[in-house]
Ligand SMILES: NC(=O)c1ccc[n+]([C@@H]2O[C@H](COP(=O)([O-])OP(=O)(O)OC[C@H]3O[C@@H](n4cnc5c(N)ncnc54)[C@H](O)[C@@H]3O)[C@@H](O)[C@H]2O)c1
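First comes one chain, alone, set out as structure tokens in the form predicted alone.
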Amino acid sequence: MLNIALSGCNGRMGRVITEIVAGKPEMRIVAGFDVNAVRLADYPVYADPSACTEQIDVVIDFSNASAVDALLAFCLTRRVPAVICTTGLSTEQLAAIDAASKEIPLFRSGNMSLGINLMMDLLRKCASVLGADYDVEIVEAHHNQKLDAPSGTALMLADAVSEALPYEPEYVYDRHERREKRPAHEIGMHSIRGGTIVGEHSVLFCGRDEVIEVKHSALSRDVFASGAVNAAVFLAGQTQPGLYNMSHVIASMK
């Protein structure tokens, strides 16, 4: 039985993960951490992780950047691995995670969808084959409550393409002030915000007389929650400290 602590348990993603884990007999959530320490499910909830006394095998964190420092301290003290899904972390927090990964297994990814991370592998292949002969454009769409643009996932996809290109591309987020032809060595990124779109990302390789499009659509937040649970199962099986990501999970499934 895998014992999970869920940080950010009362948030939107926390509630989805609670439902997913409830349907898996081989695992259970034994404790929750949330600034709003209200018990909404069949496990105790702590505002301060250090107050938790339950036996924990792995932590899943979908909380807030302001809660990550205390969570990291808890994991180091208890020697518990953690899947960190919280975004918007500061440079100092990222450095602290890197340092902590020298002592315990940690997992961090900008997007928890297995599909998105597989898409990154496909994009590297496309970029390595198509090279400088195709223009690259990225279009992403999200709900009207999303604060950042372009999305962190769009930047992840652009980075995956950039790794395999024979040149160092310029990321261009806005062309409305440009009155010139498109330069060859750039990756254009375009954001759509509307309604309740969970997340859509398209990467277009535009060449002479043909366009190759690689697209991912998230139809619900379950894909991110399922990815986090898969990552927790993977991380709980790691005996060596290190900073893991979704590429390690995908490799373990092959």
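The structure displayed is predicted, hence computed values, not measured ones. Numbering starts at 1 and follows the sequence shown.
What comes next is about the form predicted in complex with the named molecule, which is not displayed.
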item: Triple contact flag G11, V35 and T87 to the named molecule in the predicted bound form, non-hydrogen atom at 4.5 angstroms; value: yes
item: Residue (of V214, I197, M27, A67) lying close to the named molecule in the predicted bound form, criterion heavy atoms within 4.5 Å; value: A67
item: Listed residue (D148, D174, E103, E92) with a non-hydrogen atom within 4.5 angstroms of the named molecule in the predicted bound form; value: D148
item: Candidate stretches 160-168, 111-119, 124-132, 174-182 - the one whose heavy atoms come within 4.5 Å of the named molecule in the predicted bound form; value: 111-119
item: F205 within 4.5 Å of the named molecule in the predicted bound form, heavy atoms; value: no
